[in-house]
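The chain below stands alone and is given in structure tokens; this is the form predicted alone.
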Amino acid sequence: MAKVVEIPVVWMQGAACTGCVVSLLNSLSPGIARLVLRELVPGKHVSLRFLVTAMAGQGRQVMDVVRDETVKDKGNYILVMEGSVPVGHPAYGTVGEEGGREIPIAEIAGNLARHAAAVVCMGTCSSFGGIPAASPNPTGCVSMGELLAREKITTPVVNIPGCPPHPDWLIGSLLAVAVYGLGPVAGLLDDLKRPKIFYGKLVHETCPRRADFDAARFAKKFGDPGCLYLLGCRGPASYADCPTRMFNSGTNWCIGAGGPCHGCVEPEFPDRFSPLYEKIDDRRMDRFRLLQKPATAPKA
């Protein structure tokens, strides 16, 4: 019988609401039990070593697991980071103790990232700072990418933004790494390090209300038929496949439920996309279009 190759995964959580991991735990196909108990692809299995939300262990024994990963699986494990990283004070966001000292999540995340094969940023908070890093940002939260830049850590990064992300976006990315390897997958990312397969088109391009936009049929209040652009929809400035993939096992998504797209997959969320329920002015929209042009677009 062929040996099964383990893909060690350490999932750390910083400043976040736990919505990202809850989204993953609600994955339909494959379900979370299949993901962690069976082979992801023939001959390869995801070995989830650490995830506070879904594990029974606690205390020193599980912190030893985190420390061991940087030694025994050095260069081979994947660090999944959920939530942004508070760096405003060592007391913000501590995880475990060592020698009577509480360990800041920034220190643990940095050490794990330095020795990982890759860092996967699960959610907008980890990818771009998100809500915890929004103004006035009293805890000094930064994205995982910014932490790595500060610490001069060059480990490859894959961003899976969303508030929360669709579980397919993470599982599909892990599947691609398992099948093709990290190198080829890195070539399939956009300029924000997001997988193009999931973040390759504007929400606006495949929105079922696009015909209303083209015909200038705009909703004046929530509940009205028509395009939600005047009510604050950020679909024209947001790259994700939400309209075709939908959430909750393909049940619905924001615009399908009558609400506008908030642009939660973009670096501008939430500060520069606020106030969320007001039309974004044309000057700002033009700037966002320039910032978020597709990675395949020809340079001017």
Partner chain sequence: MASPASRSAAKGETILIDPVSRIEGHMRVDVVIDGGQVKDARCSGTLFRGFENILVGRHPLDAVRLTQRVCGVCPMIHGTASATCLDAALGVADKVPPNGRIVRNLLLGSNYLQSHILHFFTLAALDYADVAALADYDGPESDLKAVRAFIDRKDLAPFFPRYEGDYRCNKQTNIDLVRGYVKALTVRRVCHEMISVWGGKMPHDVAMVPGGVTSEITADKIAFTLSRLGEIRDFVE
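Numbering follows the first chain given and starts at 1. All of these numbers come straight from a predicted model, not from anything done at the bench.
Just so you know, the form predicted in complex with the partner chain exists too; it's not on screen, but the next bit is about it.
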Q: Can you check 113-121, 152-160, 133-141, 172-180 and let me know which stretch has heavy atoms within 4.5 Å of the partner chain in the model of the complex?
A: 133-141
Q: Using a 4.5 Å heavy atom cut-off, state whether residue 95 contacts the partner chain in the model of the complex.
A: yes
Q) Any of the heavy atoms of residue 146 lying within 4.5 Å of the partner chain in the model of the complex? A) no
Q: Decide whether residue 41 counts as a contact residue for the partner chain in the model of the complex under a heavy atom distance cut-off of 4.5 Å.
A: no
Q. How about residue 60: is it within 4.5 Å of the partner chain in the model of the complex, going by heavy atoms?
A. yes
Q. Listed by sequence position, which residues of 98-122 have a non-hydrogen atom within 4.5 angstroms of the partner chain in the model of the complex?
A. 100, 102, 105
